[in-house]
Ligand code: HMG
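Quick heads-up: it's one chain on its own, the form predicted alone, in structure tokens.
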Amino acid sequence: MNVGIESISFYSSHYYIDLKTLAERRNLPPEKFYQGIGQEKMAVPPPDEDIVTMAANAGFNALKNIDKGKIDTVLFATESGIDQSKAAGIYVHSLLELPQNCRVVELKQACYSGTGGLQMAFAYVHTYPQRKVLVFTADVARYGLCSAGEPTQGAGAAAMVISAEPKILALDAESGFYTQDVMDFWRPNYRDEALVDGKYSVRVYLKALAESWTDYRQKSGKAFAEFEKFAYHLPFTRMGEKAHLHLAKTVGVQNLTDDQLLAQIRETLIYNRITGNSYAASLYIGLISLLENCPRDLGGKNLGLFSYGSGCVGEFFSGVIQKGYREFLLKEEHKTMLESRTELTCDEYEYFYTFPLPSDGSDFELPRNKTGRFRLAALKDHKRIYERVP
């Protein structure tokens, strides 16, 4: 029995800043961002948009041709939690009018948690093949104004329906794992911005990749050459390129040039380059980018994927892209969303970034900005109030 992704969609903010604009404000050459980290634009959510509204917008599209009555589990993966107790997925469950006979859980392990949710859904559907699981990955990446990580910020959400009718990607049973207790990136409860040791994090990412691949290879017996394409967690696009070349070197690939190797991931980088880092969602936005932008039909081809979450957990897993997958993609919806975004000045970006939401439970109505079908309307009696946009 095949189990995997039946439907997938993503959403990102309607606002962005061009990194040339940011470079000018920070007195840096634009090439430091455009070429150095491979980023061109950075999604910037307005004050009335958060992980709930982004996930709900992604889920609205992912559910277009799905019988919602068969969904009995919602898994919401994020490291941008909005409540220490209540799962963000509860709000999305309500906004999308999902069945009440449904379990909802929030998952956390940095940028890896979406893959953890995907694998839990995979196992569950294998046990109950008549049911479907809705997996959300949503995050807002924040490192602080003028920080070294500022140009790698971003925002986005992906929604996936996992079922025994995998019209897009059938997942393989084997996965390779790696976990180590490290402090390369973390965000204590008392901080809005993450703390990161960038150079150390890159080293840990590459070690986790090599170790996860070794574990996967031992379990599956599959070789590097069996994969047509690869997709990686993308804190910035150059990291994906660095990772793939590192993996090729680790396994001893000698018959492919660097250009040929990078061609195996090129289309996965397109959306990330113009939305920025979306933490738990970044691997899956990269997957969508590959499927929607690769000019060749990839039906029947093997795909390798690497998920990484700082702290750290890594997983290498794989799947088979399904024949006829293009029929079930939402390319036009995603294209329209990206092309209709509004560019911000640096002052506007910093205004959104520093917008002062009350932290004492005060009642507060948020100004209306350009959002998708859902928005955060107000804070009242320590509660977040969401609404559908007409």
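All residue numbers are counted from 1 along the displayed sequence. On a predicted model such as this, the values are computed, not experimentally measured, just so you know.
Separately, the form predicted together with the ligand exists; it is not shown, and the next lines address it.
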* Structure fact -> Per contact check vs the ligand in the model of the complex (non-hydrogen atom within 4.5 angstroms), the hit among 172-180, 229-237, 125-133, 98-106 is 229-237
* Flag Ser310 as yes or no: does it have a non-hydrogen atom within 4.5 angstroms of any non-hydrogen atom of the ligand in the model of the complex? => yes
* Non-hydrogen atom contact Tyr91 with the ligand in the model of the complex at 4.5 angstroms -> no
* With the partner left out of view, is Glu315 within 4.5 angstroms of the ligand in the model of the complex by any non-hydrogen atom? -> no
* To do: With heavy atoms only and a cut-off of 4.5 Å, decide whether Gly36 touches the ligand in the model of the complex.
  => yes
* Which one of Ala87, Val202, Ala248, Ile270 is close to the ligand in the model of the complex, taking close to mean a heavy atom within 4.5 Å? -> Val202
* Residue among Cys111, Ile285, Ala208, Ile162 with a heavy atom within 4.5 Å of the ligand in the model of the complex -> Cys111
* Asked: Within 4.5 Å of the ligand in the model of the complex: all of Phe76, Gly144 and Tyr349, by heavy atom?
  -> no
* Which residues from 271-296 come close to the ligand in the model of the complex, meaning a heavy atom within 4.5 Å? -> Asn277, Tyr279
